[in-house]
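The data below hold one chain only, encoded as structure tokens and taken in the form predicted alone.
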């Protein structure tokens, strides 16, 4: 079977699985799997850029996805005027002072003689820290006192939410530049530890800085690019069209919104996939793969390996940030407590490995397939355990234990799939050409 036929067969299988879900379960479930599959495919594409193209082992995916979600709040939510009046300018001034302190320390490191360099940097950082906190803390306290039950934060820019998707990529790219300048010189295993630690720092900041995005109180009611279901149900024209299709208004409105999100997400995925393919087949893409396969030989040919690593690290992180903004828009809320490494790091890596690292279509395939299994394994596990325990007594301890263990079927299934694919398809279902 040729590579194109193999790719078409696997994507046809995904289509059959999603459509089959619509017939067997419900079309709401099928569209939900489709939408999150599209978002997962975008995340897997971002990780594939870093690992498949350049061999960068980034396990801080969760942090960049969270920054994309934060961008959705900062761009689309309306500004809280009272909070800005109470302490918004003080917070902005404090952030400027903090950036100025870091800049001054960097300049001191470059220009102060070695004899006094350490003392100068220490003095700048200590004085700058106390000045920063003296300005920052009163501003934060004033902002968080403004209606803490509903707001208690500065809000956003009040712009259309679709603008948050590229801005999520920009915010994640900026963080990746800072991280890359400090961490990309590390060996692969140390780079993994550093990126994971930095991702946890990002999540900790989002959870604890209420003035930024309400912390663990969550930001709900984000603007949507599509109408609310209740508005569609109150539209006589929509109700008439739904009746013509034999659907009740409630079901029709839900399907309409989910299908609309699917169209938006599919457009983004297609654009990113086309750009990734063009990059892969360009001289730049061939250079990146040469660096991945043999850094020493690439350096000997005059390639700036560190700079190229920084480029691909920023690009991949930007794609993950865009996916994070898309997912937050789909949920209509930002919940920092939900950003768990299991879902946003391990699962995305399984998608890339199973699909085929180095192959953009493989990463997309892995995104759809693994997310489908992640959603469907638990209900299938319930059915399986019900059959296994059908002949057992109602008060059987073994029966209770087996039924209570269904939730662990997801992790068991992901491990089995990973082992099977690595055993029989070590380069993934769609290996790199």
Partner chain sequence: MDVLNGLVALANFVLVPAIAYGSQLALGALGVTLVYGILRFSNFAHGDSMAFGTLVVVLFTALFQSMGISLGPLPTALLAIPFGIAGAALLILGTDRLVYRFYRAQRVKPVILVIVSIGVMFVYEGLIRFIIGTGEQRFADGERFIISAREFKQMTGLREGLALKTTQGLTVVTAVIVVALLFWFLNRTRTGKSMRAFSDNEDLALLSGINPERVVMVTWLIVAALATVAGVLYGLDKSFKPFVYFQLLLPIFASAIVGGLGNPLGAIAGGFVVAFSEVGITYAWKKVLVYLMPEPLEPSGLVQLLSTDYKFAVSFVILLIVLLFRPTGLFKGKAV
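Positions refer to the first chain, counted from 1. Keep in mind it's a predicted model, so treat the numbers as computed, not measured.
Beyond what is shown, the protein has a form predicted together with its partner chain; the following relates to that form.
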query: Candidate stretches 142 to 150, 310 to 318, 201 to 209, 231 to 239 - the one whose heavy atoms come within 4.5 Å of its partner chain in the predicted complex; finding: 201 to 209
query: Proximity to its partner chain in the predicted complex, single hit among 159, 192, 279, 259 (heavy atom within 4.5 Å); finding: 192
query: Contact assignment for its partner chain in the predicted complex, among 303, 289, 133, 90, heavy atom within 4.5 Å; finding: 133
query: Partner contact for residue 405 in the predicted complex: its partner chain, 4.5 angstroms, heavy atom; finding: yes
query: Residue 27, heavy atom within 4.5 angstroms of its partner chain in the predicted complex; finding: no
query: 4.5 angstroms heavy atom contact with its partner chain in the predicted complex for residue 186; finding: yes
query: Interface membership of residue 415, its partner chain in the predicted complex, 4.5 Å heavy atom rule; finding: yes
query: Stretch 352 to 366: residues contacting its partner chain in the predicted complex, 4.5 Å heavy atom cut-off; finding: 353
